[in-house]
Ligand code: URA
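Take a look at this single chain, the form predicted on its own, given in structure tokens.
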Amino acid sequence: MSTQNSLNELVNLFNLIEDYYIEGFHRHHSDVESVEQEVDPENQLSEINNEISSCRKCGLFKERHNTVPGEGVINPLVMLIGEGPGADEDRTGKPFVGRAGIYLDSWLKAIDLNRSENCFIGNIVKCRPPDNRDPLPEESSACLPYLQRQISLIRPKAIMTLGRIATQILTGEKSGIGALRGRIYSYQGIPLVPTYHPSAVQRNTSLRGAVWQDLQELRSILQDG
């Protein structure tokens, strides 16, 4: 083999190595960008919201004005979960914005929480049940996967369920909220604290003491975490 041929083969080899590293780097960089885009929680949350907005999985879509997917921050200290939107929520598309929502905000403030800074608020069902009735089992079952995906995505440090319906569905228990509260449960490995629904406490102010105990329990979990 001539010296010139050897040099040519050596040059070709270096060119191949250079091409490999350049193309490999760009391919790897592109793959990383693609993975980051796929796992970006904000994008995924928007995708869930879009799915909810066009959902027809149960009959609740027929009378809704707006879906109410929930809102808040990623990786919140606490996710608060009620049973379903009311009239004000159906009108605005936002969770807990009526009288009960204002009252809920006062609960959060009492333990140094704020819905715009360290909370995520949602419901079991994302459309308003007619006349604010309890969601039917088939309605809750149809909507629950959305909530489960939200919880898996935002990964709150703790969950607080508001009222009997949300608590029963997420704990699997059948007792009333009076019997269910006062204990700490686990959902997807996340501590879950049940309490009364703000609307119920507005109707029966004697429940305030129990709610305060539940809020203190929630704060203790957050501080220990």
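A residue's number is simply how far along the shown sequence it sits, counting from 1. None of the values given here were measured: they were computed from a predicted structure.
Not pictured, yet referred to below: the form predicted in complex with the named molecule.
- Even though the named molecule is not shown here, does Gly72 get within 4.5 Å of it in the predicted complex, heavy atoms only? Gly72: no, not in contact with the named molecule in the predicted complex.
- Query: So in the predicted complex, does any heavy atom of Phe96 sit within 4.5 Å of the named molecule?
  - Reply: Answer yes; at least one heavy atom of Phe96 falls within 4.5 Å of the named molecule in the predicted complex.
- May I ask you to check whether Pro76 falls inside a 4.5 Å heavy atom distance of the named molecule in the predicted complex? Pro76 lies outside the contact set for the named molecule.
- Query: Is Arg181 one of the residues lying within 4.5 Å of the named molecule in the predicted complex, judged by heavy atom distances?
  - Reply: No.
- If we check the named molecule in the predicted complex, which of the residues in 71-85 reach within 4.5 angstroms of it by a non-hydrogen atom? The stretch 71-85, when checked against the named molecule in the predicted complex, contributes Gly82, Glu83, Gly84, Pro85 at the 4.5 Å heavy-atom cut-off.
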